[in-house]
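Here we start with a single chain on its own, the form predicted alone, put down as structure tokens.
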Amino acid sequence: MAIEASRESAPARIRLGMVGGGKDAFIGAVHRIAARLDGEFELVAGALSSTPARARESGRLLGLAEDRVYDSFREMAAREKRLRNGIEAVAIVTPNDVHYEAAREFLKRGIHVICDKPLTATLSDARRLAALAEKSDALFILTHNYTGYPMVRQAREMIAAGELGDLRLVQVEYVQDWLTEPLERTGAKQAEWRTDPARSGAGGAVGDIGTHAFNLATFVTGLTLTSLSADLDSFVEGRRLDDNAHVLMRFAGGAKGMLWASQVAPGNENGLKLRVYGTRGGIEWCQEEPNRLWFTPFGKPKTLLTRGGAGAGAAAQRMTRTPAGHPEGYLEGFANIYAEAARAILARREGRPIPPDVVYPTVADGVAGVAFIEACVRSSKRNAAWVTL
């Protein structure tokens, strides 16, 4: 990847802290791998669990200094700001209900925030956080990791260049099967908090994976959602949040869309798929075959574009790490978001403008995602009535 460089000539690594992501936490480990992949970050501190003993154990397993492992994110934010070698950025990888308060503590101290999605558990918190980020000197990066895939960048570049013409149709789906049965009743940690309104917010599947689908559609197309009609269901008896969502969407400019998000569709593992059609052609991308993008100009044969292949443009090439034919996927896409964040943070550290080609989801994208969840819930409660965002 073009961003990768010799550590002999590179700037000092960005000192990174982490909130959440302790022992056995899936997404925390993913963030740590992504942060390490290009050698731009060094994890030096953490408030890794809301349980102090577990936080300390997690810190030891990660090799952190004992005095840099904290019992709370508030203690961590306050002390790290005072240290001469305190953290420059923090990764927030907790359940949704913690995002707002944790991000607030670091933003008000000028520490850059890299936050997992969705932005917050409520729309009011999302708007408050956006206002705080606007006032802060710190950057805010939201880890919608699928925006880091090379062929997603390829699709975005093609649409921006007008290769599809005027956009008409957007079809996006994200379907899984892991919650087909009431896994949350077995003590499974990942299922418990995702199906708990107090920790996840008002959206279940629509918040957990529907926001990824929504973000992908708007990131690639550049379209703005204006109104939607949503039908949310909790098919598993007793489940408090939705596990399936069908959403009709209307975009500014006249394009129409459909979104399906489900965690109760047997036979689907991580089926994120996007199709976009315009007056001049269409594209199709599937996350489970991420190195391929199908492009069909109207009236011409279907063309397969591949990551690293001759048809890949500059945007895809800049996100590419390995030679053509070597698969790249989830971890590399995640790492690309961290690499973009690193370029922006280092520019701020050195007093330079952020390079214009740096692209990552921002707090504004986060507010849009939470507004999408809120609108879906509101619409579904009104028997799928059309609502504006």
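Note that residue numbering begins at 1 and tracks the sequence as displayed. Just so it is clear, the structure is predicted and the values come from calculations on it, not from any experiment.
Here the subject shifts to the form predicted in complex with another copy of the chain, a form of this protein not shown in this document.
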Interface membership of D125, another copy of the chain in the predicted complex, 4.5 Å heavy atom rule:
no
Is F73 close enough to another copy of the chain in the predicted complex to count, meaning some heavy atom within 4.5 Å?
no
Whether E269 contacts another copy of the chain in the predicted complex should be assessed with a 4.5 Å heavy atom distance threshold; does it?
yes
Using heavy atoms and a 4.5 Å limit, would one call L248 a contact residue for another copy of the chain in the predicted complex?
yes
Partner-free chain; cross-checking another copy of the chain in the predicted complex, the single residue of R104, R156, K117, K273 with a heavy atom within 4.5 Å is K273
In the predicted complex, the residue from A55, L62, A344, V359 with a non-hydrogen atom within 4.5 Å of another copy of the chain is L62
Tell me which stretch of 45-53, 65-73, 349-357, 330-338 has a heavy atom within 4.5 angstroms of another copy of the chain in the predicted complex.
330-338
In the predicted complex, do G86, S136 and A160 all reach within 4.5 Å of another copy of the chain through at least one heavy atom apiece?
no
Contacts with another copy of the chain in the predicted complex - residues in 28-57 whose heavy atoms fall within 4.5 Å
A29, V30, R32, I33, R36, L37, D38, G39
